[in-house]
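Form predicted on its own, single chain, as structure tokens, below.
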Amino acid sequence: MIRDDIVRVQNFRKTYSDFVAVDSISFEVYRGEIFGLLGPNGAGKTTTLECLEGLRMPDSGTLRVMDVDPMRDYRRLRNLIGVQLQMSGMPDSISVRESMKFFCAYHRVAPRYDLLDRLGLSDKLDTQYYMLSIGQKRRLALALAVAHNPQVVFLDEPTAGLDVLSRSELHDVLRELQAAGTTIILSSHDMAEVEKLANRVAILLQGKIVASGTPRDLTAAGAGLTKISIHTEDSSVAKAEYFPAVRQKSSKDGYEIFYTTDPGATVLALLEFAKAHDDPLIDLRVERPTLEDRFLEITAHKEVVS
């Protein structure tokens, strides 16, 4: 199957004085997919997005969004893309209704009050911007970013400050946009969110892409350790020196956590140990490796996976 690359980055480099923010990276984003950009603070995620959005000038390399050069043809680009910046703001006195009218007039489309309703802002239409909560400002920013039906949407930490319900509603909106053919590039520190939404991800570390692929491919390429969390009344298992197939262990929030290559053998041994020490079981959880586990593994060892 031929995949249509909507966003193309080739040998992109960006520096600030002596600091190399992005060091000759290359990747493609295909039509209709959600692509996650991951990395610790300072890895180059926001710089990459801002150059693709035409907000910063790359030092070298080629960047194209639907065959448009972001720096040379920003007039064409602005109607093709929607942007939710990591830090965005508007005049304190502007109302939610006025902001929607203004942004839609800029793109020459009718105001999308339905989006405000969908994102829980219908009762805030006449509320001034400075009176909105952080979560409400984030939801408004998303509504404004997609109001003109852009073909590519850039989201930088879109759910920061949102409660659980608002986050779920935003995820539903993103899936609907994707189903309609919109391409979404998502930068987030929320690994569970990216694992849930993204078709593919790229992990940036010190300005370089150190891993890329589907979330499942990346987690499968790791050490493959299964996480077992056990909580007992007396935490007797914490005193044991050995359990079969365990490679790492830690403690958190009353749980003893074991990372094992053989979950069956480890669980059986844990339960037998607790029973032998007359230590009642409160909770037991067995989890496959997550994208967050893999991210921590990659960044800790600075390995490169392609």
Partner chain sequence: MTAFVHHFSFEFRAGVRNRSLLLLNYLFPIGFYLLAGTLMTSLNPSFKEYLIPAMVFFTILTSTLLGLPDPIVSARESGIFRSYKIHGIPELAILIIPALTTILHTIVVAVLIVLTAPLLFQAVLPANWLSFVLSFFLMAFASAGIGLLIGVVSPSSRATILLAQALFLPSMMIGGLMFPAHMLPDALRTVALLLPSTHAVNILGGWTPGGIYTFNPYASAAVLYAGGALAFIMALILFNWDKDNPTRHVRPVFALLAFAPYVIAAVLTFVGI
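This one's a predicted model, so the numbers in the text were calculated from it and none came from an experiment. Positions refer to the first chain, counted from 1.
Beyond what is shown, the protein has a form predicted together with its partner chain; the following relates to that form.
Is it the case that R167, even though its partner is missing from this view, gets within 4.5 Å of its partner chain in the model of the complex, heavy atoms only?
No.
For D190, is any heavy atom within 4.5 Å of its partner chain in the model of the complex, or not?
No, D190 stays farther than 4.5 Å from its partner chain in the model of the complex.
Does any part of E50 reach within 4.5 Å of its partner chain in the model of the complex? Heavy atoms only, please.
E50: yes, in contact with its partner chain in the model of the complex.
Answer with yes or no whether Q128 is in contact with its partner chain in the model of the complex, where contact means some heavy atom within 4.5 Å.
Although its partner chain is absent here, Q128 would touch it in the model of the complex, with heavy atoms inside 4.5 Å.
Among the candidate residues V173, L85, L162, A198, which is the single one with a non-hydrogen atom no more than 4.5 Å from its partner chain in the model of the complex?
Of V173, L85, L162, A198, the residue with a heavy atom within 4.5 Å of its partner chain in the model of the complex is L85.
Interface residue in the model of the complex among H107, H231, R216, K137, criterion: non-hydrogen atom within 4.5 angstroms of its partner chain:
The residue from H107, H231, R216, K137 that makes the contact is H107.
Out of 117-125, 201-209, 181-189, 76-84, where are the residues with a heavy atom within 4.5 Å of its partner chain in the model of the complex?
Checking each option against the 4.5 Å cut-off leaves 76-84.
Hey, with its partner chain in the model of the complex, do Y259, G264 and V267 all fall inside the 4.5 Å heavy atom range?
No residue of the spot touches its partner chain in the model of the complex.
Using a 4.5 Å cut-off on heavy atoms, which residues of 92-116 contact its partner chain in the model of the complex?
Contacts from 92-116: S93, I94, S95, E98, K101, F102, F103, A105, Y106, H107.
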